[in-house]
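The chain below stands alone, shown as structure tokens; this is the form predicted alone.
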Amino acid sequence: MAKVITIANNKGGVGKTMQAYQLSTYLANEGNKVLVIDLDSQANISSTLGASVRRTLIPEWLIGDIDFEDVVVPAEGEHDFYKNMSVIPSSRHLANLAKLLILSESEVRKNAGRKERLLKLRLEAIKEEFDYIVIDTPPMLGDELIMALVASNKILIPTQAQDYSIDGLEELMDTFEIIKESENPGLDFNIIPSMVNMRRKIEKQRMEELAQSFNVSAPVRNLVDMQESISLKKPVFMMGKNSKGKMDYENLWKSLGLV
């Protein structure tokens, strides 16, 4: 039965797609069968995993008009771990989801009860096929993110150690608590300090403050390694033993219990 992990933050530019890419490729390299679901209409994780499409079929899949086989594609890349990865790709057409949900409201109520449960319902049918399902979400509290919260076992929240980024956590955490209480009592989360500059005292202080209130994982520094990883489509675990990025992610996986 697959474990569902969502990467989420209602603020952009905090490293969500980076975390989704590093996590999914690491898990696949460890021999796990991994499904990546791209719920962000910018489709960055889709293109990074070689799964770009002209028009996503995610809305039609969610409301039940098409089957899983019609929406999933294999990840493509030159490394062996890609054979363990499948992708449900996104595109700019995902922005039509809200409109389609309104038009299909009666059918959604009949099949799922509430639209927030649609993704969970679809995943229940395919969980036996995978070890992990990793979901990348858009930087807003819309239908896509709410569905992912309802369907997930764990939420990973990349957050910059700066005031304006940390302040933005409040709305997301309020939503998390509502979903946990009403729909998903087993939901867990970890905050990942992302793009951290450990030389700045203010960032170290903010990280200490976060740790007093939340489950905070090992930090990931703002390193050249990270940008090279995405541009070269080469996960940090494949970088040399002296790579600081590789070291950061090894510590992160350990702190999350994935090693």
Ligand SMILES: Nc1ncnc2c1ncn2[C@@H]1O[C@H](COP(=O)(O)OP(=O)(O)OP(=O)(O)O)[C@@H](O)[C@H]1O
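Note that residue numbering begins at 1 and tracks the sequence as displayed. This is a predicted model, so every value here is computed, not measured.
What follows is about the form predicted in complex with the named molecule, which we do not show.
Contact here is defined as any heavy atom lying within 4.5 Å of the named molecule in the predicted bound form, and by that definition not a single one of A28, S86 and P235 is a contact residue. Between 52-60, 39-47, 65-73, 204-212, the stretch whose residues reach within 4.5 angstroms of the named molecule in the predicted bound form through a non-hydrogen atom is 39-47. Under a 4.5 angstroms non-hydrogen atom cutoff, the named molecule in the predicted bound form lacks N32 among its neighbouring residues. Heavy atoms of L223 reach within 4.5 Å of the named molecule in the predicted bound form, making it an interface residue. Although the partner is absent here, G77 sits far enough away that none of its heavy atoms falls within 4.5 Å of the named molecule in the predicted bound form. For the chain shown alone, P139 is a contact residue for the named molecule in the predicted bound form, at least one non-hydrogen atom being within 4.5 angstroms. Taking a 4.5 Å heavy atom cutoff to the named molecule in the predicted bound form, the contacting residues in 1-40 are K11, G12, G13, V14, G15, K16, T17, M18, D40.
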